[in-house]
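As a starting point, one isolated chain is supplied in structure tokens, in the form predicted alone.
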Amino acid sequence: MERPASVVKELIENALDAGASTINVDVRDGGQALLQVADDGSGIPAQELETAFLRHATSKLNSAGDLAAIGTLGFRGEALAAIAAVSQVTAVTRTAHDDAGSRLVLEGGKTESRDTVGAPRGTVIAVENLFYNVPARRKFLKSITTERRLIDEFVTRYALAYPDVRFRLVHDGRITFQSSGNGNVRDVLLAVYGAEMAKELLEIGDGEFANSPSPISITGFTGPPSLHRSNRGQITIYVNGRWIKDNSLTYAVIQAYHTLLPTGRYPVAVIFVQLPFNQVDVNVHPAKTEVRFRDSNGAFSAVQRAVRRTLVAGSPVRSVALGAGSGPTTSRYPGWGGTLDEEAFARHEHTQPELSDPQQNLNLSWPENGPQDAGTFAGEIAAQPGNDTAQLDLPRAANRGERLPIMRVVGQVGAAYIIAEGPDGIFLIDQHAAHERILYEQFMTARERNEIASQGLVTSATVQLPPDQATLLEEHLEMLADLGFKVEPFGPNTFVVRAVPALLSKLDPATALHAVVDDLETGKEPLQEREEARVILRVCKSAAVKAGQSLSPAEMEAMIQQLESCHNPHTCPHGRPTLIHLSAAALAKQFGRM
């Protein structure tokens, strides 16, 4: 038992093994004060109640040979004993054959009382004061919010795997998640991911393997290429109803999207792998989250082909608008004709993206106090060594105050780079990286002065998030308000966006919020300053002019003038170069004039 989420996982697995059709999870103070799981399963016979809390006691195995083909989620007989040893447990249970229920109270693994009570069929196990007798373990638990998110993750994952079971999760008296239990996975996807994302997911059929000698069956859902995340966290894999973490199968899903996703982005997928119990070993990890396949290559191939086949057969043309929780979804491959086509990828691999309203996000007006003040921002969010946001540091002393030479705009190439003439040659300027730097320094200057502009929305946007992301967003609402977002809770796992930073006024507010939450979820920095830095980078990246947008000569001139006045004009906030220089001497050499 590592944390409250571990207790929830074991108790839910026991309820599912008992054939429950309804599982209610009640949590208080992130699980440290109370964790209660109630089910309507088969229950524990009265004469076996004490035995159930002994080590190695299990009713799920009849012989050692059963370990070769495990068909239940639990099988070791360790969980209840481990939970009881570090908490105060009250168990109430009744089977269909018992006239009354039995209640057993344990503290630190020792029986305190046993009596007969009235109870419906099923089992209720309440775990109070977790780790009360192990202060070192309790001391190193994460924050209540973090523990809540981990519990949310477990409950929603099992709700997806068992759509015919009605799950209900309550945090501190408030329902945060519930599924209908009607057996429709789509309804659970709706409850977990929200309507916008759920309707985009493509169903993985099992047609290819229906008449195949392979014993592996692959079903589930996968997102179109337009729906992607910044991490692998939304690739969920189950083997025979067990949620697992398997790097090989996760990579198989990612490999199925080869050439379809932007660099550094990962798909959303819910994959169900079904195969004979004797073809997989689940007894290889204490937490039972890892498995070993008898034919690992066959499992990898089956997952990869099933996902790829679904993408090729049914993925729609990418829309220009950003999808829920995804990055930019502008079509990279024009002319798809409604579905993914392998030949179309080859034909259009290097085609420029199609964009509507190219200038909608371009803001090249001078700030009120001039960009020359952008370099005065404080270094409170300077990244530490080893941090992904290392480029947030203030420029080194050698570069402090460094300015670019005066340049004259010549033109634009590839709708992505500005060509400018300088005193000694030409400069190629990456318009997206340059605009990111400009916006970043303007934003930081406004932040230092507490003058971040917020743009109120004429029509507020409603955003529904998965329970774990909703908990994360609630934790950061105050920080987002300081950065120009006005977001308010609007029901279970739902929020309403009433204002966004002025830089994002032209973007879809729901998309902007999804992108921010995505970055918050990716970040591992424990300090508030690091999280703010990540959000600021996202705001500037989202608002900056994109590659593929044509700029007028006046717009290019304005961008260069602002870049010349930046504190550190040579790199974007992520550390990529904003411009490269080709000297007149190098040009002469290329033309054989030297």
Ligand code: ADP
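Residue numbers run from 1 along the displayed sequence. This is a predicted model, so every value here is computed, not measured.
From this point on, the text means the form predicted in complex with this ligand, which you will not see here.
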item: Location of this ligand contact in the predicted complex, chosen stretch of 239 to 247, 72 to 80, 165 to 173, 471 to 479 [non-hydrogen atom, 4.5 Å]; value: 72 to 80
item: Heavy atom within 4.5 Å of this ligand in the predicted complex - residue from 549, 36, 565, 42; value: 42
item: Partner-contacting position among 46, 533, 52, 558 - heavy atom within 4.5 Å of this ligand in the predicted complex; value: 52
item: 4.5 Å heavy atom contact, residue 58 to this ligand in the predicted complex; value: yes
item: Heavy atom of residue 14 within 4.5 Å of this ligand in the predicted complex; value: yes
item: Proximity of residue 579 to this ligand in the predicted complex, heavy atoms at 4.5 Å; value: no
item: Exercise: residue 511 in contact with this ligand in the predicted complex, heavy atom 4.5 Å; value: no
